[in-house]
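In the form predicted on its own, a lone chain appears below as structure tokens.
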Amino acid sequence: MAVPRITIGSLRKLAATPGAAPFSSLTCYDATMARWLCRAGVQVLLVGDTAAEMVLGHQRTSDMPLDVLLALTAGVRRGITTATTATDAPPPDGTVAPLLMGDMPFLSYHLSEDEAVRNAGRFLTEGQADLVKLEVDTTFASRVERMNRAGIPVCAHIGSRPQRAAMTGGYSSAGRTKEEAAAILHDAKVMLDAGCPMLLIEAVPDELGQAVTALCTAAKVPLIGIGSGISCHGQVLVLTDLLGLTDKSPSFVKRTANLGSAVVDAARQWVDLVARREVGNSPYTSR
């Protein structure tokens, strides 16, 4: 049987369907994990600039190099392809071909509209992504419009914007005052008018998440939430937070595994086996 392919169109239909179950999204940074997440039925994979922290060991997402993120995006695409087209081992039931979203890193779309469109296009060509994500407010409307006119679908990331952490002294929530909430709701309206086929809202109060969800539902545009309440059409988390591979995670994270401890246990067993010379025998014979 053909593996279901998740598209912007299928998610838009879901956003317009009353009572539809929310769709799932996770960050993903490599081909191996992409294969397993496809088999789990995760509908949207985000190659996030959180790779700066989770893969490269930086303290900020703003340290993510563009070319590295493009290479990671292409790797995730190859993982999706392997998981959904393999002929030697048919994909298990529940496997999907998820929508692949590339996260445009700090300064890859800020300096000029021409450079923004060029770099966004690289995510579709070199990275083989289906759409790109930008952290935006109303001031980015014209470049988002240009990207959409060029045929580059944009997911507008509003609310808390981690790439601006230097302005606040660290990651923080957003939309907690009436003025901030009104500004974020206006950001959402402007991005919908600019033609965005998807929005993402981060770390805002539940009532603001509900208001933006209602706005997006009326426009038949899916809204992904993270730490923004349960009303959104979809939910995303950083994969390493979900799996218990981070020492500290945001308060809204609900872990489903504790793989960090499992990795430590497995590595300790390996250390012990090596020390006792119980591994390493060669399976090869001399000719």
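Fair warning: this is a prediction, and the values are worked out from it, not measured in the lab. Residue numbers here begin at 1 and follow the sequence given.
From this point on, the text means the form predicted in complex with a small molecule, which you will not see here.
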- When you measure heavy atoms, are 46, 103 and 157 every one within 4.5 angstroms of the small molecule in the predicted bound form? yes
- Task: Consider residue 50 of the chain shown here, and say whether it contacts the small molecule in the predicted bound form, taking contact as heavy atoms within 4.5 Å.
- Result: yes
- Could you confirm whether residue 31 comes within 4.5 Å of the small molecule in the predicted bound form, counting heavy atoms only? no
- Though only this chain appears here, would residue 223 touch the small molecule in the predicted bound form if you measure heavy atom gaps against 4.5 Å? no
- Query: Might residue 42 be said to contact the small molecule in the predicted bound form, defining contact as any heavy atom within 4.5 Å?
  - Reply: no
- Query: 120, 200, 144, 212: which sits within 4.5 Å of the small molecule in the predicted bound form by any heavy atom?
  - Reply: 200
- Task: Identify, from the list 245, 219, 238, 70, the residue with a heavy atom within 4.5 Å of the small molecule in the predicted bound form.
- Result: 238
- Query: Of the listed stretches (187-195, 200-208, 122-130, 172-180), which one has a non-hydrogen atom within 4.5 Å of the small molecule in the predicted bound form?
  - Reply: 200-208
